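First, one chain by itself: the form predicted on its own, in structure tokens.
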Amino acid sequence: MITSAIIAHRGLSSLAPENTLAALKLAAAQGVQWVEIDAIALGDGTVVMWHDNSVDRCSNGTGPMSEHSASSIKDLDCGSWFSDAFNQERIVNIEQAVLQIQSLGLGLNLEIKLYENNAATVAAPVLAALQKHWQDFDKLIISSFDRTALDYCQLHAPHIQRGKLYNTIPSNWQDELKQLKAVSCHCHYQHLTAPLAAAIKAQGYDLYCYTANDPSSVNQHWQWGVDAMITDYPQRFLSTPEPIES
């Protein structure tokens, strides 16, 4: 289970381009203990640290991920859109990301994004990288909106903790978390209620909310028993370590 109440979303994405080595390094430098990143497959099967299903928004390239390969993305600039200071940032594969996070001593919430791919295409390379390089499995959790991705991880790496991602938590959440042998439930902070939080916690699950960027907007969530906030602005939370009483 996650052992830090504050998790940097896509690395420290408010101060560096998201899902880059710079964002990971800056998170560690700011005192963040856990990061969240995304894993997605290219057309040649290479899995990279990236969120979108195209390179358009966060690089100087164009096109869907399915039309790219390790070769075609290696020289893309994925930092200048954020700031000229990051113009040397590149898209990295998941093994490079795992090695960087491990070297920084950070905990990792790794989100698998399938898009049009099957579970094995994305999850198998992720699990291979983790099995090869990860050391402390208490500081690792795999999460996904895609049930099939988590099913694959449960079958092939049952020792790795799993968390189910939701936007709005559905009525069958209890059955799904039980079937997945999940340790946590992750949801959008705006869609959580006190009774639902209490029910999830009563069943013994950790509860994580995304993407809360204003500490004052989630004061009540801490009181409901939320264990961690995934945020673009961990520095705001770390400067206010105690939740403000409402």
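Here the structure is a predicted model, which is why all the values come from computation and not from measurement. The first residue of the sequence shown is number 1, and the count goes up from there.
Although it is not shown, the form predicted together with SN-glycerol-3-phosphate (G3P) is what the next lines describe.
Here the marked residues 36, 113 and 210 all reach SN-glycerol-3-phosphate (G3P) in the model of the complex, each with a heavy atom within 4.5 angstroms. Checked against SN-glycerol-3-phosphate (G3P) in the model of the complex, the residues 108, 129, 165, 119 give one hit for a heavy atom within 4.5 Å, which is 165.
When you look in the model of the complex, the only residue of 134, 173, 145, 86 with a non-hydrogen atom within 4.5 Å of SN-glycerol-3-phosphate (G3P) is 145. The closest non-hydrogen atom of residue 221 lies beyond 4.5 Å of SN-glycerol-3-phosphate (G3P) in the model of the complex.
Within 4.5 Å of some heavy atom of SN-glycerol-3-phosphate (G3P) in the model of the complex lies at least one heavy atom of residue 51. Taking non-hydrogen atoms only, residue 230 approaches SN-glycerol-3-phosphate (G3P) to within 4.5 angstroms in the model of the complex. Residues with any non-hydrogen atom within 4.5 angstroms of SN-glycerol-3-phosphate (G3P) in the model of the complex fall in just one of 212 to 220, 62 to 70, 195 to 203, 36 to 44: 36 to 44.
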